[in-house]
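So this first bit is one chain, no partners, the form predicted alone, shown in C-alpha cells.
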Amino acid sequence: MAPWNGLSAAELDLLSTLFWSAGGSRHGMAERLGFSRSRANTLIAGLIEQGLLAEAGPRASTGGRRPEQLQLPAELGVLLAVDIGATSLDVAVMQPDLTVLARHAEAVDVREGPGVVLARVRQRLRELLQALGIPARRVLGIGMGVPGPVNFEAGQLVNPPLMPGWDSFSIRDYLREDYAAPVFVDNDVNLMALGELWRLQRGLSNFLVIKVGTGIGCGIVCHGEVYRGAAGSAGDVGHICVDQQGPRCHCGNVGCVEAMAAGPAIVRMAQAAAERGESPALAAVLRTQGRIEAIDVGHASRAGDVAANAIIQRAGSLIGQMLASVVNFFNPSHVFIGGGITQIGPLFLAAVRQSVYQRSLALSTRHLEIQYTPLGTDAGVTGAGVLAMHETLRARGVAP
C-alpha cells in the first residue's frame, strides 16, 4: 500500500471520482470535480507518473480530437469481494475497476457459525488468488456482506436473527491473519444497494433495494449515499408487522412480513397446498424430490397452477403492503427488488407493484419505478467490491 502514502486530498478525490464514474476523460474529470483543466491535467499527470492512474486508449469521439480514457490500473492490486447469504457464499477477486478476475459460488448455512463459514471463505479466497498467481500482499481491500445487522464502524454483527453465534464476532481480526489489507463488513442488502449505485454512477440519489430470500431487508440510498442509521440497523424492514394475528417470527414477535412472505414462508405455503391436494404440480414435486423449493412454486405458476399463483400473489401482496409504508415515508424514485425470490417470476413483481400502488399516496408513486435489480445475482458481490474500493479510498482521506 506504499504508493498511496503522501497523496493529497485532491489526488485521492480524483481517484475516487474516477472509480465511481467507471472511467472517464481528463475533461470529464475536471468537470465532475470542479477543477480547471490545467489543475486536473497536473493532478492526472502526477498520478500517471506514480502508476496510480493509466490511460486506456481513446474514447469515442463527440467531435474533434478523441479524448483519452482514464482508468485505475490493474497494477494497483486486487480487491476481494465476499457476499455471504443465509444459504449461499459468493466470492470474487477483482481489479480496482471491478473487472472480475476469478469467482466462486457455493451453498453454505450461516447457522453453522463463523468458525465454519469463515474458514470456507478464507480457503476459497486463497484458492482463487493462488490460481491467479497473486500474493496476499497485493490485496488492496476486502469487502464482505452478511445477512444481519452490522455495526459498520466495528465491522461486527449485532444480534443477527438468522446467524446464531455470530454476535460481536470480529470478522476483521479473523481475516487479518491472512491479509494486511483493510476489511469492511456491511449488511448484504446494503452491498446490493452499493452495487446498483455504482452501476448507475450515482445517477440516482434516492432509491431502495429490497432483498427477499431467507429473510427480507432493505438497502437505503439517500442523497447518493447508503444510509445505515445510528446503529447500523436501518432498513431492517423484514420485521415490520403486516398481520397482528400472524405466525410467530424467529425475532419473537408475531406477523412479521419476513415470517409470512420470505422464501421459507412461500415453501411452507406450497408444501401445505401440495399435502392438501390443492396443487397437482407441487404435489408431484414433493413426491419426486421429497421437498419443495421457492423456485418450484415459480415453475408451477408458469405452468398455470392456480394454488402456486395464489401463493405468489399473497407473498407479493404482503411485501407490497410493507413496502407501501416505506415508500410513503421515504418517497424514493426507484425500488429495486433482488434476492433468490426473483427467480419465482414476473407474477411476484406484479403483485408487489399492485399492492404498493394501491396502498401508497398518489404523490409518492407518481414517478415511482419498481423493478427487479438490473445487476441480478451479481448485485451482492459487485457491491462487496464497491465497498472494498470506496472505503479503502475514504480511509486515505477522500471526502464522501
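Numbers for residues come from their place in the sequence shown, where the first is 1. Everything quoted here is computed from the prediction, not taken from an experiment.
Separately, the form predicted in complex with a further copy of the same chain exists; it is not shown, and the next lines address it.
**Student:** With the partner removed from view, which of 185-193, 122-130, 248-256, 299-307 is the stretch that lies within 4.5 Å of a further copy of the same chain in the model of the complex, judged by heavy atom distances?
**Tutor:** In the other structure, the partner sits against 248-256.
**Student:** I have Val158, Ala234 and Val242 flagged as a candidate spot, so tell me whether each of them has a non-hydrogen atom within 4.5 Å of a further copy of the same chain in the model of the complex.
**Tutor:** All of them do, each having a heavy atom within 4.5 Å of the partner.
**Student:** I'd like to check something about Gln321: if you look in the model of the complex, is any of its heavy atoms closer than or equal to 4.5 Å to a heavy atom of a further copy of the same chain?
**Tutor:** It does: once a further copy of the same chain is placed as it appears in the model of the complex, Gln321 has a heavy atom within 4.5 Å of it.
**Student:** Could you tell me if Arg228 has a non-hydrogen atom within 4.5 Å of a further copy of the same chain in the model of the complex?
**Tutor:** Taking the distances in the model of the complex, the answer for Arg228 is yes, it comes within 4.5 Å of a further copy of the same chain.
**Student:** Considering non-hydrogen atoms and a 4.5 Å limit, does a further copy of the same chain approach Leu361 in the model of the complex?
**Tutor:** Yes, contact at 4.5 Å.
**Student:** I'd like to know if Gln343 sits close to a further copy of the same chain in the model of the complex, meaning any non-hydrogen atom pair within 4.5 angstroms.
**Tutor:** Contact check for Gln343: no, nothing within 4.5 Å of a further copy of the same chain in the model of the complex.
**Student:** Here the chain is shown alone; which of Phe330, Tyr179, Phe152, Phe169 has a heavy atom within 4.5 Å of a further copy of the same chain in the model of the complex?
**Tutor:** It is Phe330.
**Student:** Work out which of Val285, Leu101, Val326, Val267 lies within 4.5 Å of a further copy of the same chain in the model of the complex, going by heavy atoms.
**Tutor:** Answer to the contact question: Val326.
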